[in-house]
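The form predicted alone is given below as one chain in structure tokens.
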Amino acid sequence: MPGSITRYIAKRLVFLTITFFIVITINFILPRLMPGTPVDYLARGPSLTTEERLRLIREFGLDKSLWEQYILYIKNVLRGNLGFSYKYYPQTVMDVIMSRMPYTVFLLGISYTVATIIGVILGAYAAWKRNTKLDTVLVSLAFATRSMPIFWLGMLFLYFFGVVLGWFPLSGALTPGQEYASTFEMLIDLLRHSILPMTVIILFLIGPPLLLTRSLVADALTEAYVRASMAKGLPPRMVLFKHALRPVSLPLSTYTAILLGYVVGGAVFTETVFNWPGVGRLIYEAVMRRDYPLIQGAFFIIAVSVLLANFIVDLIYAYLDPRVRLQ
């Protein structure tokens, strides 16, 4: 058994390494496929002399060939050096990203957790009440929210709840110029600003776990051990959540890790619409200015986070289900 675990971990590590190098290679290529170059944006600075522009171009390595830039990029990534941002120079890419990261972690962490919990619970109830009006409504809700473009949903919420009703702030994470008497008062202001973007992300994410849970639990409810527990007269809630939902927790845990990719995609659009000062908004700004190091750094950190999350879930899956180790 220990040998099978070791082999399984070794296979996952090899796969993780290969995926990592594919990701960072794509991360290098994609920004350079966009029209325009950082040189164009650096040359627009009216306060820069010709000598200063040339110095910046040499300093950022933009005078080198694409292959030389790629080799330099790989070396720097392996050393943990993500370089300097073109826009925020002389700040490093890591410093710029870390200054925005707490806002994104706060927004996405809560949204992701709430969406997963609500999606699983609603999916379980939809399976329990399958082929009823409740099931139809929940499935329709899941498909509707998942098919809506998140930026359109964000603008809709922003207009209706922010402009028409005036219930929530229109942008930002904190009120500009606001002086707070205490940390609690600042948190209240932060929560007030985050309600709309959080709601949009939750609605965007709630569909996949709801539909997956409904499918898995509906299959589990046909199993003999579930029917036996129902025949014993156990309370419906216990049958649903203890006997039907618990056995399907393994595929659910795997899928929720994959869902992180959707979270990141939704963050860029949502943070841009609501002008939320997080990493998603930072990526948008970096793309608009062709800030290659900042684009690469942001996507690198996000990609590594998703890869590590999936790797951890794979290990947990193998620990809970011995059959996986034999694959």
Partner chain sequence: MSLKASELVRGLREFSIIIRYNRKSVVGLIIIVSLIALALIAPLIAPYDPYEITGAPYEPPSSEHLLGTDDVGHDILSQLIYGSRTSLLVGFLGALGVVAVGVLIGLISGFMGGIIDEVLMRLTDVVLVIPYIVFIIVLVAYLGPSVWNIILSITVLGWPTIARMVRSYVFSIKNSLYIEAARNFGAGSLYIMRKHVIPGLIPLILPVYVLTVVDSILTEAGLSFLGLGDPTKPSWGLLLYYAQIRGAFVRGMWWWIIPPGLMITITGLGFLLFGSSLEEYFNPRLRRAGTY
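Residue numbers count along the first chain shown, from 1. Small disclaimer: the values here were computed from a predicted structure and weren't measured. In this text, the rigid core denotes the largest set of C-alpha atoms whose superposition between the two forms falls within 1.5 Å.
Unshown form predicted in complex with the partner chain; subsequent notes refer to it.
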So, in the predicted complex, is I57 in contact with the partner chain at a 4.5 angstroms heavy atom limit?
no
Would you check, heavy atoms only and a 4.5 Å threshold, whether A218 touches the partner chain in the predicted complex?
yes
Since only the chain is shown here, I'm wondering whether R100 would be in contact with the partner chain in the predicted complex (any heavy atom pair within 4.5 Å).
no
is_contact(Y180, the partner chain) in the predicted complex, heavy atom dist at most 4.5 Å:
no
Sort through 149 to 157, 74 to 82, 193 to 201, 88 to 96 and report the only stretch with a non-hydrogen atom within 4.5 Å of the partner chain in the predicted complex.
149 to 157
Does the trio T104, I118 and L252 actually contact the partner chain in the predicted complex, every residue with a heavy atom within 4.5 Å?
no
Just to make sure I understand: among 180 to 217, which residues lie within 4.5 Å of the partner chain in the predicted complex, judging by heavy atoms?
L211, R214, S215
Relative to the superposed rigid core, does the CA atom of N27 travel 2 Å or more between the shown form and the other one?
yes
At a 2 Å cut-off on C-alpha positions, does Y73 qualify as shifted between the shown form and the other one after fitting the rigid core?
yes
